[in-house]
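The same protein chain appears twice below, in two forms, each given on its own as structure tokens and labelled structure 1 and structure 2.
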Structure 1
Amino acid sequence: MLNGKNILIGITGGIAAYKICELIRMFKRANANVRVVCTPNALNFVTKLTLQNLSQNEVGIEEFDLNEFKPEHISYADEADIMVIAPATANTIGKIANGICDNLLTSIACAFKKPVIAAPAMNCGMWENKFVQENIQKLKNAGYTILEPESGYLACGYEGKGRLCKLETIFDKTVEILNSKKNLAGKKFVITCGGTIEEIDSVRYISNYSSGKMGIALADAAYEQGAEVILVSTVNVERAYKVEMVKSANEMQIAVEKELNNADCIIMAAAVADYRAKNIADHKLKKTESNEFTLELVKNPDILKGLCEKRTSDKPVVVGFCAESEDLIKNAKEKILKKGCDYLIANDISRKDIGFSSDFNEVTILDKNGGIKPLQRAAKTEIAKEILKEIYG
């Protein structure tokens, strides 16, 4: 299962450190080569000799214990295919998230350019601390896979969320990442997300409830599968790939169309406002004595239709989204014909358990040849993978 794979396990100073002995055995049984690096405090919970016997390799602890011509943290980073940090304490998470390299493990993490899995384990109050959560988000933004702790009875006597996740969860995620196919390598994706903001005056605007989560999930999935990704976003998000921030429909149109001849696939997941104010006041509009206020609107550009009309061949593949509150399939069929796109992802926004702001979605994929494929309710991260699979097989 993991034959020839090099796994680097980072163990930090948490009570769950003893559990990692079994994780090493699981990786070894799957024919992986395992190396272990510990923070000094980790040895309060598990011995160096035990880890060496299980991994059948020297265990790294000291920063500058040189056995080769390269510094140890660079050597470890170069050799491993993946780094698994478990348990990941609040202390180590904070150091890595803020670029602090004061021991061998954090130095390796700083130099590591391949996939990293972090499995936090700590007191429930520490897990809920806002600074810890900010650091967790930083790691996610940097491309780390975070396997969140489970709820239950903790070693400190409290009960709550903080237990190290199951070892099988760590093992399975490691296998999934190491065996994932980079089937989108060499392809360039341009993906939009979020709701556009159309200014009325210096403080007011027209927008919608789009969170951008579906577009971000698509960008993440494409990037994980090896694609070059540009995310054109109205939502502030930090990622390892390029994110170009825009505000209005006009700005989004410019950003997307400049990539038209360079992209292999453009996915318009953003919720683009249909109208904008005809005239934008450069000051705050004052309330008057009248009970009525008239705002004159003009149509925004139809970015999706424009892309399909301007491309000169079957490249790029253009994918649109449609949000409907009734007659989903009927309206989607009409829209894909009108727009001329290759695929259309239809969302039912009348449901409260999917769509806007939710982490879940349920969509129907329509293609230009009349094909219809429903995807049952699932996390948007999983829906994104299924959409990409439908487009590129």
Structure 2
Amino acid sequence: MLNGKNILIGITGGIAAYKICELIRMFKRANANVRVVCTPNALNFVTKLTLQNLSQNEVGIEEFDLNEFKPEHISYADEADIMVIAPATANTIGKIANGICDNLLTSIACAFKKPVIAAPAMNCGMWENKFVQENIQKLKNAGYTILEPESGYLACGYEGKGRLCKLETIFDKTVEILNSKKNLAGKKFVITCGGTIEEIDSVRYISNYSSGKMGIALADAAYEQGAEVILVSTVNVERAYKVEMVKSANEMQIAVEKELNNADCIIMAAAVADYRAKNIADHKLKKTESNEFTLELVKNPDILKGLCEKRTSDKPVVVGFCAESEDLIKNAKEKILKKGCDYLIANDISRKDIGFSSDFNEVTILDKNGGIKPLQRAAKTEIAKEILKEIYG
């Protein structure tokens, strides 16, 4: 299953370190090459000799080896296809999240550019700690796969969330990542997300309830499948790929159109305001004596339609979304023709269990040849994969 794959296991100083002996055996049985690197504290829980015998390789602990020509952290990082840090203590997670490299393991992690899985294990109070959670979030944002700890009886005597997840979970995730097809490698995606923000004056704006979750899920899925991704976003999000922050429809249009000739696929998942204030006041508008207030609006550019009109060949593939609260398919059929895009993802925004702000969606994919494919309600992360599969097979 893992023939010829090079797995670097990083063990840190927690009681669950002893369990990693079995994980090494699982990887070896699947024909992987395993190298182990430990923090000095990990050796309080498991011996170097055991790890060496099981991995059939020298175990790395010290950062500087005088017999080595190349700095050790670089050669470890170069060799491995994936790094699996398990158990990952709060201490090591904190160091990696903040770029601290004070031992071989943290130095390797800092230099590592390939996928990293981290399986935290610690006391439940430590797991709930605000700073630990912030550090976990930083790692997630940087593209780390975090296998969350499980709840149960902890070695420290407490009951709660903090136990290392099952070894099978770590093994399966490693196999999944190493064997995942990078079928979008070499392709460039530009994906928009969030609701545009149209200023009225220095303190007020017009916007909508779009959370950006669907666009982010699409960008994550494309990136995981090897694509170069630019996410043009109105919501603040940190990712390993490029995120370009914009506010208004005009800014979004500029950001997207500058990639029109370079992109292989543009997905307009953003909820773009149809209108903006005709004049944006420099200062806060003051209340007047009148009981009425009229705000003059002008039409925003239709970014999606413009992209389809401006492209000079069938590249990029252009995908639109379609938010409807009634007559979903009828309106979607009209919209795909009006916009001229290759695919239109129709979703019913009147339903509370899907769409705006929800983690779930239920969509119908229309294509320019009249094809209609309904997808069942599922997590947006799953819907995103299905949409990419529909476009690229």
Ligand code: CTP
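Only the largest set of C-alpha atoms that superpose within 1.5 Å between the two forms is called the rigid core. Quick note, the numbers are simply positions in structure 1, starting from 1. This one's a predicted model, so the numbers in the text were calculated from it and none came from an experiment.
K.L.:
Out of structure 1 and structure 2, where do we see the form predicted on its own?
P.N.:
Structure 1, not 2.
K.L.:
Once the core is superposed between structures 1 and 2, does D348 show a C-alpha displacement of at least 2 Å?
P.N.:
Yes, the C-alpha moves 2 Å or more.
K.L.:
Superposing on the rigid core, I want to see if S325 changes position between structures 1 and 2 - specifically a Cα shift of 2 Å or more.
P.N.:
It does shift by 2 Å or more.
K.L.:
Core-aligned, does R25 move its Cα 2 Å or more between structures 1 and 2?
P.N.:
For R25, whose C-alpha is compared between structures 1 and 2 after core superposition, the shift is less than 2 Å.
K.L.:
Could the core-superposed CA displacement of N291 between structures 1 and 2 be given in angstrom, to one decimal?
P.N.:
N291 C-alpha displacement between structures 1 and 2, core-aligned: 3.3 Å.
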